[in-house]
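First comes one chain, alone, set out as structure tokens in the form predicted alone.
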């Protein structure tokens, strides 16, 4: 009988701790997370620091290509392309991107992350080599010196 009472008490204690208190604490902590949202000057949410966005204007640093969704950067379709290194579709896309970027900066090596997608398709980060490759274009489009673009926050 003593073991039965101990089992019932342990069930009640663990149910309260793990079924009520722990979920409430985790939910409270998760509620505080805001996804590293980026807001414009009007306070409107325009993106997240953790999710890339497709920038097409030449005066911005271009992100990595995205295979997440039909238009890319779709968080609901986060995934890689599942195209392997022998996929002709992948080879053709990368070759076209390399040709485009070689025309932009003749003779400069193309950073691999400028022409390949990340595993999630949402990665907003580019390598220092990728940023350096894009400096001349961004500087020209913004009417700035390359040194000014390198120092911009």
Partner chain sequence: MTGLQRHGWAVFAAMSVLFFVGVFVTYWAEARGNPMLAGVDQTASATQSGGNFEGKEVRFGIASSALFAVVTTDASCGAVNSMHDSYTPLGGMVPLANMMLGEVIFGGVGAGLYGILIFVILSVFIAGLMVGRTPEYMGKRIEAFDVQMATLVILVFPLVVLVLTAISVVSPDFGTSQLNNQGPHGLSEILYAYTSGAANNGSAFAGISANTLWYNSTIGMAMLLGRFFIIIPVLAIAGNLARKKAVPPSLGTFPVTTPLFTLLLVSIIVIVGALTFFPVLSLGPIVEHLLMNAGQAF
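Keep in mind the model is a prediction, meaning the values are calculated, not measured. Numbering follows the first chain given and starts at 1.
There is also a form predicted together with its partner chain; it is not shown, and the following applies to it.
Touches its partner chain in the predicted complex: residue 104 (any heavy atom, 4.5 Å): Contact with its partner chain, no.
Would residue 112 sit within 4.5 Å of its partner chain in the predicted complex, counting heavy atoms only? Although its partner chain is absent here, residue 112 would touch it in the predicted complex, with heavy atoms inside 4.5 Å.
Taking the shortest heavy atom distance, is residue 72 within 4.5 Å of its partner chain in the predicted complex? Answer no; every heavy atom of residue 72 is more than 4.5 Å from its partner chain in the predicted complex.
Is residue 47 close to its partner chain in the predicted complex, meaning a heavy atom pair under 4.5 Å apart or at it? Answer no; every heavy atom of residue 47 is more than 4.5 Å from its partner chain in the predicted complex.
Among 119, 58, 28, 54, which has any heavy atom within 4.5 Å of its partner chain in the predicted complex? Flagged contact: 119.
Any idea which of 127-135, 18-26, 140-148, 5-13 reaches within 4.5 Å of its partner chain in the predicted complex, heavy atoms considered? Stretch 127-135 is the one.
Scan 78-97 and write down, in order along the chain, each residue with a heavy atom lying within 4.5 Å of its partner chain in the predicted complex. Residues within 4.5 Å: 80, 81, 82, 83, 84, 85, 86, 87, 88, 89, 90, 91, 93, 94.
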